[in-house]
Structures are given as C-alpha cells and as structure tokens.
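Below, in structure tokens: the form predicted alone, a single chain.
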Amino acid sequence: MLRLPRFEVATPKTVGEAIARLAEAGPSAMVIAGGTDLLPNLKHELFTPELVVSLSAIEALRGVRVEDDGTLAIGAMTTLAEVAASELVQKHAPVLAQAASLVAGPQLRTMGTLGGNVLLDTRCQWYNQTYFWREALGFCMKKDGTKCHVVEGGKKCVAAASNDSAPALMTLGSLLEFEGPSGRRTQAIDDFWLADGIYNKKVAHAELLTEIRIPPTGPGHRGAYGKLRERGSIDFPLLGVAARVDVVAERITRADVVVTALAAQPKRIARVADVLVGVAARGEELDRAIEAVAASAAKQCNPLANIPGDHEWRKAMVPVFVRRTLRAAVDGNGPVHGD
C-alpha cells in the first residue's frame, strides 16, 4: 500500500491568507486544489512538502460568469464537471467544455479543478512511478537523477504537458490571472509555457492562479476537442487536439489548431489560418483544406517515448485526429475521442 507522507494542512479562507502561508513556508509548501493529481504524486514521493495549502475553502475562486464586454471569466477552483456542464462555457467556449468533459472520469472531474488542470505537472512514464520503481532505474533528471530515459544522452527533460484544458484555452486566446506576494498580474496563456519538462510554466512560488479569462468569441465561433487515449475514460491524453474555427457568411474567418501530450509544452500547428481562412465552410474546398492542415500537422509533430503508448502509433494518429477534430469544429460537433 502506498501511503501519503506526513505534512501539515492549512485551509485558508481568502486568497491573501493562502499567499501568506505559502510565502512564509517557502519551497517546503505546496498548493492543493482538487488533489486528483497531487495526491498520487505525493504517494509516489515525487513531492514531499512539509505544508500543503488547500484552496478548497476560498469561495472567491469559484464560479463562471460573462462580463459586460463578453469576456468569459472562470474561477480557478471551478471544478471540471462544472466547466463541462456550464451553459455559458458551452455557448462561448465549446472547445473548453468538451476538453473538460474528457478529463479522467466523472468522480475525478467532480473533484478536479480547471486551475489545477492548467497547472498540471508534466508527465513521463519514467517519472510517474513509485519511489521503488524509480530507484531501480537510477531515477531521472526530473526527480533525483541526472539521466533521461527517453532521449539517450538528452540534456533537457522531455516530460509531456498532458493537460487537456491547455490547448483549448490557447485556441481561445485566454488570459491567466495570478495573485502573489508582489500583487496581481495577467499572463497570456500562449506565453505561459517553457520548453522544459522539469518545470514548464512561468509561475513563481506563492503565486496563485485565481481566474481564467476568455475574450469574447462572438457569433460564428465554433470549436472542438479531440482526445486519443487507450481507454474511454480515466486516461491522460496520448494526444490532445483543440480546433477553433469562426464562420461568417458560410466562410471561415479564423482558424487555429493546438496539440498537447507530445512535448513539454502544447504546440500550435503553424500556418493553419493561412490554409483555412477564406475557405467555404462546406464542400470540396473545405475537404482539401482540412487534408492540407492534417498533413502539415503530421510533419510538425514528432511524439517521443515519454508517455505510455507507442510513439510511432501516436504520430500516425496526429493527422487522423487533426482531421476529425477540425471537421467536428466546422460542423459544430464534438468532442472527438477514441483509440
């Protein structure tokens, strides 16, 4: 049986109290939101904090609202189940509602939060294991060792970003609101990621993600999320694809595709708008354009053996899921999932 290490738990009632506890404790403190990822990681001794600061009692971090200018604002502690079921999210950001609906399973979505998913630690099949298992291999550079088991002689960790919400939020041009000891700041999610599997986010200790803000999408906005996984639920993505298209007068006026679970940060597929913008939203012209984007994505994406699932098969699935997800977005359908 895997047991949790000993640690103190703090349950502050306000964001300010939480920041103060984290700042006072320093690196020995960690934040817990829903705990669906952190608790297994604690049992695996990937983290051994002395203090865990729970955000569960901070009501100000929950809820979904649309502001006067059309901005969709979602509190970081809003559960994934609430995000998936929200009529506001479904209307203004369908790709996010779909992505949230495919995270793990129903019980975990009831506990897991949108903020927690955005800040999900990178994952690797050589890292997300028990201490005994990792010790037998001499550990890895992400935790306790110096060797990369994925890339022979590799100098940089390639653990994969595996958060389903990230590519969806990127297609929406989302902003992340943080609050910390130095005050509040706004971070564009496109600029939030680092190409480092050890720590792939630009966020400081004692900074809390408080809100996710999605700019107005407007009429004609459509989106879809596609998720490749071995089982129909529970699993992290072997590949995640978020697609956005805006359609006005039956022509595509905006298009974007972002993929995840391939490398340490989500990846935007280049030149999608160049191919799709101006194309009719139905017919052979659209078919050709979607095929061109799918073929381009296959060339741009090179999965590694960093997560379970044969990486060659995952690469073969890139054009398949890009094609399916783009089609679902244009048709106003989704989500797309399967193996």
Partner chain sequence: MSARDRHGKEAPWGEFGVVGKPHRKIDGLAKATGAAVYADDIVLPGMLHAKTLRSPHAHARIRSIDTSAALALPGVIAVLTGPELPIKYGVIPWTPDENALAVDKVRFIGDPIAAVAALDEDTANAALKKIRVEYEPLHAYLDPRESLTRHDPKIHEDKKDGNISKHVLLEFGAVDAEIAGSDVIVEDEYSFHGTTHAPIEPHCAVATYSADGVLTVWSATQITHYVHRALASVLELPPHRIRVIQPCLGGAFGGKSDPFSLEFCVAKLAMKTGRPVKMLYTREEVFYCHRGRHPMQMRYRSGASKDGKLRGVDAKILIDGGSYSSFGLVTTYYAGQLLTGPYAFPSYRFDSTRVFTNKPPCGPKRGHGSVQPRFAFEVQLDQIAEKLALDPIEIRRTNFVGEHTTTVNGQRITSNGFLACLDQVERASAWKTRHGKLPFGRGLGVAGSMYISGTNYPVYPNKMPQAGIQLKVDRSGLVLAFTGGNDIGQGSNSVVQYIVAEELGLQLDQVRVVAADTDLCPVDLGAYSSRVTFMVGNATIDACRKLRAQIVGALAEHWKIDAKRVRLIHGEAIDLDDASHHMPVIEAFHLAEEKSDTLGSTGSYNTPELGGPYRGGTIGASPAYSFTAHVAEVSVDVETGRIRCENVWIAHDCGRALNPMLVAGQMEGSAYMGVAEALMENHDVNRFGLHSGPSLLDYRIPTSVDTPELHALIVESLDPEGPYGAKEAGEGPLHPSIPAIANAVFDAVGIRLKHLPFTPGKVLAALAERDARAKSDAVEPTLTARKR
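Positions refer to the first chain, counted from 1. Just so you know, these numbers come straight off a predicted model, no measurement behind them.
Separately, the form predicted together with the partner chain exists; it is not shown, and the next lines address it.
Screening 192 to 200, 210 to 218, 232 to 240, 87 to 95 for residues having heavy atoms within 4.5 Å of the partner chain in the predicted bound form returns a single hit, 232 to 240. With the partner omitted here, the residue from T146, T186, S182, T130 that has a non-hydrogen atom within 4.5 angstroms of the partner chain in the predicted bound form is T130. Under a 4.5 angstroms non-hydrogen atom cutoff, the partner chain in the predicted bound form lacks D287 among its neighbouring residues. None of the heavy atoms of G63 is located within 4.5 Å of the partner chain in the predicted bound form. Under a 4.5 angstroms non-hydrogen atom cutoff, the partner chain in the predicted bound form has G338 among its neighbouring residues.
At the 4.5 Å threshold, heavy atoms of D310 reach the partner chain in the predicted bound form. Residues in 237 to 275 all lack a heavy atom within 4.5 Å of the partner chain in the predicted bound form.
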